[in-house]
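Quick setup: one chain, the form predicted on its own, written in structure tokens, and binding and motion questions come after.
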């Protein structure tokens, strides 16, 4: 069954929100509680969880452990996906530091950079390889996701290398859109554009 991107986004959000419940001695949660945390409606939560074949009770709510297992079954689909990150600048390092604690569905197993001083180093638990080794490392590690944190002038060339190596999902942080072939999913996160949009509308609302 195909699940929409928006539903997948909300399921990922629900999983992160209920993660902390494991450490607060909460064994159940009601749809209206999860909806309040996720800033949506209880009906939306119930529809999303029904899509994931997760059932609850109007009297007892949802079992937190079962909820986590059910969402992970959708997001993981039986295995953790491996990712490669290209560009070990400040942003790349921050992502390498952040991911191990926050994403149980994706594991960054290789990093790439063109700076010889970074090659061979272990940065936040991830080995750094030269860009020219990308295809072989992607194959050896069965990597399916690419993360681009390079300067804008290198982004398209890196995307092309990733696609040629067999990567079928790219998260692009470089401040320039990238062109991809059919069958490759992309997410573009332009921090400058987001801040400028926020600044514009905050001025209008002041």
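Residue numbers count along the first chain shown, from 1. Please read these numbers as outputs of a predicted model, since none were measured by experiment.
What comes next is about the form predicted together with another copy of the chain, which is not displayed.
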**Report entry** Partner contact for residue 173 in the model of the complex: another copy of the chain, 4.5 angstroms, heavy atom
**Finding:** yes
Requested in this report: Consider residue 29 of the chain shown here, and say whether it contacts another copy of the chain in the model of the complex, taking contact as heavy atoms within 4.5 Å.
Outcome: no
Query raised in the report: Wondering, does residue 147 line up within 4.5 Å of another copy of the chain in the model of the complex on heavy atoms?
Result: yes
Query raised in the report: Looking at the partner-bound form in the model of the complex, is residue 36 within 4.5 Å of another copy of the chain by any heavy atom?
Result: yes
Query raised in the report: Tell me, which of 152, 141, 47, 55 has a heavy atom within 4.5 angstroms of another copy of the chain in the model of the complex?
Result: 152
Report task. With another copy of the chain left out here, work out from 133-141, 173-181, 157-165, 56-64 which stretch has heavy atoms within 4.5 Å of it in the model of the complex. Result -> 173-181
